[in-house]
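Below sits a lone chain in structure tokens, taken as the form predicted on its own.
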């Protein structure tokens, strides 16, 4: 495993490399990340994992400062997986180009997380644009846990690069909680309750097929969850998974939620 600390290391290492798989991360690696890496190792001749906590996608400075970091542990995990390259850029390495304008979202895309986290997805798309330009991978592996992010990045990258984005299923723990680096910020009791919320919504999504007044049913579920688990829900919405329009049909739909559990913001989809 070669550790690439800057752009010079990156350019030298990738010279002549083809069939490259790329897994972008912000570190604090968990089994969700590992599933992406293993998929890259299976499908590509070479695999590069980046670890970069991107400041421009945080709309809250405190959230950026408190984001969990565990570089030593991450490097040990990656070494065991026998990946080819790990890229550890600093801010200057990423934001060294002449790209000055941040990507902008269409009005129709300013929904859900884009509505509540202003500038977040612009920051995500911007850093993915810069990373893709530098690395030029054949495939980029991203998880479905943040499905809105996957959708928006895929739409942008597809227009500009030949790189193919491969979506990978959400990995959950035994209590059905979607794995996330942010889970490290939760107390054990809160992790347990977050798992119960996920279980509740997985069962609820199945019940939606039998409902006629879906919007009312969802609104009632939102109130029930807030009272039952003492959480604050930003949104609980059923949307078409192909175009993200509000829908009343279960076919090609996903149920999206964002909520605060003891000041920690969690997202999921089912």
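As the structure is a computational prediction, the values presented were derived from the model and not from experiment. Numbering follows the first chain given and starts at 1.
The same protein also has a form predicted in complex with ligand AMP, omitted here; what follows describes it.
- Residue contact with ligand AMP in the predicted bound form: residue 200 places no heavy atom within 4.5 Å of it.
- The shortest heavy atom separation between residue 25 and ligand AMP in the predicted bound form is within 4.5 Å.
- Although the partner is absent from this view, residue 244 stays clear of ligand AMP in the predicted bound form, with no non-hydrogen atom inside 4.5 angstroms.
- With a 4.5 Å cutoff on heavy atoms, residue 222 does not count as touching ligand AMP in the predicted bound form; it lies far away.
- In plain terms, the part of the chain that comes close to ligand AMP in the predicted bound form, with a heavy atom within 4.5 Å, is 146 to 154 out of 108 to 116, 146 to 154, 184 to 192, 77 to 85.
- Across the proposed site, 32, 67 and 169 without exception bring a heavy atom within 4.5 Å of ligand AMP in the predicted bound form.
- This chain appears without its partner; in the predicted bound form, the one residue of 135, 94, 179, 139 with a heavy atom within 4.5 Å of ligand AMP is 179.
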